[in-house]
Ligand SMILES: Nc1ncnc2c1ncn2[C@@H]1O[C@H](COP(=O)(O)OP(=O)(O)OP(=O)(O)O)[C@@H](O)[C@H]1O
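Single chain ahead, written as structure tokens, the form predicted alone.
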């Protein structure tokens, strides 16, 4: 009898563990399917909007060229400077606006272009080290001290290093620009920190923090910072952070922000250590 009871308990325990594993696998499959559907919708939308942007950009180039030709023709006319200057000034304003619109469209086309990722196992620490070395002079020029606090040893992740550099660079540029506007004497520090962890499914992940001691982000802006064209900076394109999130999403990772006004901001990027059974090699995403 005790043997039968033990067998029954063992069977129940085995069944429970098997059920948990099956449910976990199903959750992973559903999450992967949702990402694929979202990527497909974004690719379709990106294709339409890229076509529209190209159609607008071409006539803008023609307008800019004709403004330049008209300006040169007016300057060659035998008229008084007082009559010429207002026309040249207006044409100059028109040319600058046309160029500004071309710049906006160029930024958009870059944002909406397809992402062709070459995902493979790579050392995230080495990627961040290279980025810090490259960015150091620009940070120092703005009076910002930059340092890395990296996990020991090799920190392998399933990434496309050039795209990860682009995503993190956007965060670093935002941080330095924000801190450069702070009063003299206020600490200006940018920290890149890596660590190991596990996600909600107990799968191994790597975590990257991009921390600054800047002015922080206002509560009413936090929810919108990843929206295309939303910006709190004068002259900003509003596409840096959306591009970063898009790249992280394409890595099947996630990005979160923790901020406090007057205390700084911490962007937290979580990336998978391995493909987890999902085909990533050559993954692409439309925007």
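If you're wondering where the values come from, they're calculated on a predicted model, not measured in any experiment. Residue numbers count along the first chain shown, from 1.
Just so it is clear, the following notes concern the form predicted in complex with the ligand, a form of the same protein that is not shown.
Worksheet item: Out of 149 to 157, 213 to 221, 109 to 117, 76 to 84, where are the residues with a heavy atom within 4.5 Å of the ligand in the predicted bound form?
Response: So the stretch in question is 213 to 221.
Fill in: Heavy atom within 4.5 Å of the ligand in the predicted bound form - residue from 67, 225, 255, 60
Going through each option in turn, the one that passes is 225.
Discussion item. If the cut-off is 4.5 angstroms on heavy atoms, which of these, 40, 233, 54, 28, is the one near the ligand in the predicted bound form?
Written reply: Checking each option against the ligand in the predicted bound form, the one that comes within 4.5 Å is 233.
Worksheet item: When you measure heavy atoms, are 177, 239 and 265 every one within 4.5 angstroms of the ligand in the predicted bound form?
Response: Checking in the predicted bound form: 177, 239 and 265 are all within 4.5 Å of the ligand.
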